[in-house]
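Below you'll find only one chain, the form predicted alone, shown as structure tokens.
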Amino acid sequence: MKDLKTADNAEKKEYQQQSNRRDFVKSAGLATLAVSATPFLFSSCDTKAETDKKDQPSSSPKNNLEFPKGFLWGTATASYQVEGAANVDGRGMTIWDTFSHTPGKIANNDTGDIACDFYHKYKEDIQLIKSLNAKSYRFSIAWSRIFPDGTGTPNQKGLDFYNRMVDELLANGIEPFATLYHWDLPQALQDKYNGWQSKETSKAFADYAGYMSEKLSDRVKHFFTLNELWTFIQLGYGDGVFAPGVKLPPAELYQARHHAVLAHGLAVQAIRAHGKTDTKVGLAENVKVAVPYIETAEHIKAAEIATREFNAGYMTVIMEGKYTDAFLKKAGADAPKFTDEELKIISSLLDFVGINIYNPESYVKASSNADGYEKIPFAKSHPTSTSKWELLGPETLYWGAKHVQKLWNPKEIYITENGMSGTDELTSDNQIYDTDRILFLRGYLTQLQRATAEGAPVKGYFYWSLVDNFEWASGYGIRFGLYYMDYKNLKRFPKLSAEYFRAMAQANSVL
């Protein structure tokens, strides 16, 4: 989950007026949302009764927001955020164990020691996934469960856990999508090599990736290398607000960025070498999306240029095999050191691209300046979720998919994370009426459907997240899940948005 906590964690007041909420609830038909999406399906075959009603006004609008056949609906989690069992079955320490146990680093001094106890409750949570009509699940593997010290002898008990989980997913008709790194670097590699400051960590990651693809690719067909390179490098090694809490000078930070993209490329090659021949590999990056403030040709072109430059240090060099001239010029003497061979490795061919999208990086307009675009500042009153960093912009899903398609033409695109935080209060009768999240889902997915209707090769959507969980520097104070987590007893409760997601997945359509 991309949790940009460079801002404080105070929650914004709701920006919707009560009259708007009433209108929304009425139009959404929330009271009719149930386990089955049958009321929302439309038949092309007329019954006699339907024929008799042809001249009468329709009680429901025609549904023209369907996704392509075979579109995958799924949810996502990450190992440190849900697994818990921090000291169980040989798992090694991670930088997030160390960071979260350092007083003052996490809100309320929360840790991931227990989290959602997914390690012991995975069967229960897989049933929650199944109940959503989801056919896929994106999870991450804890590197330190497999190699407690990052390298060396593998830990069989750690591998056994993921084998059991994958088998359970498949037994319930859910396709596993495995992420190999979601920020929980083995502490031993941080101690020995300063983590991503060293190329040795990149090599260790490739060895781990090759091992996991060898062991799981008979059942797991999609592997993501790294999750959100920008986030774990910038916030962990630049701003120091995420693990390992380092604030590097510019030259060292640029080099750490390069080691992360190199790790991705080396891992792609390792997965190709050790996985089954039908294994697919990609990455999941929080692509920074420029949205044209007016959809005219000149502003759309400006947004494409801006998106390419916004992602120059990560997605762009991975997809193009070169750092942009503007990126290198801006870095100057601090630019990373690299070889042509490393650039070839970094740009190893991918089978798909995963993009995590929550909010626009910026609205832009065309400009005659050297950049070709101008960023438009966000209004102080621009709506957000309860996370101040999450500036809402449903059209970002549309433009994210369209820009990635236009700039880099990947074979397949997956929306690997998208979601919103909310207040999510549990009522006395164990209900959570998160109408704001339904509003979010309808708005964002309408824009995603628009992209697929125009030919963007988006093959699936993973909502973040399945359950409320440890949200990094915000601890347990931020809730993104479709299921509410009572952290006192670890009971899960479906939110109203879970019913809505279930209906959409059943209908393969925005409802």
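Note that residue numbering follows the sequence shown and begins at 1. None of the values given here were measured: they were computed from a predicted structure.
Separately, the form predicted in complex with a small molecule exists; it is not shown, and the next lines address it.
- Among Asn311, Ser144, Asn227, Thr75, the residue placing a heavy atom within 4.5 Å of the small molecule in the predicted complex is Asn227.
- Among the residues Trp196, Phe205, Phe223, Phe242, the one placing a heavy atom within 4.5 Å of the small molecule in the predicted complex is Phe242.
- Within this chain, Trp389 lines the site of the small molecule in the predicted complex, having a heavy atom no more than 4.5 Å away.
- With a 4.5 Å cutoff on heavy atoms, Trp183 counts as touching the small molecule in the predicted complex.
- At a distance threshold of 4.5 angstroms between non-hydrogen atoms, Leu235 is in contact with the small molecule in the predicted complex.
- Contact annotation: Thr94 falls outside 4.5 Å of the small molecule in the predicted complex, judged by heavy atom distances.
- With the small molecule omitted here, the record of contacts in the predicted complex names 470 to 478 of 451 to 459, 438 to 446, 470 to 478, 65 to 73, defined by a heavy atom within 4.5 Å.
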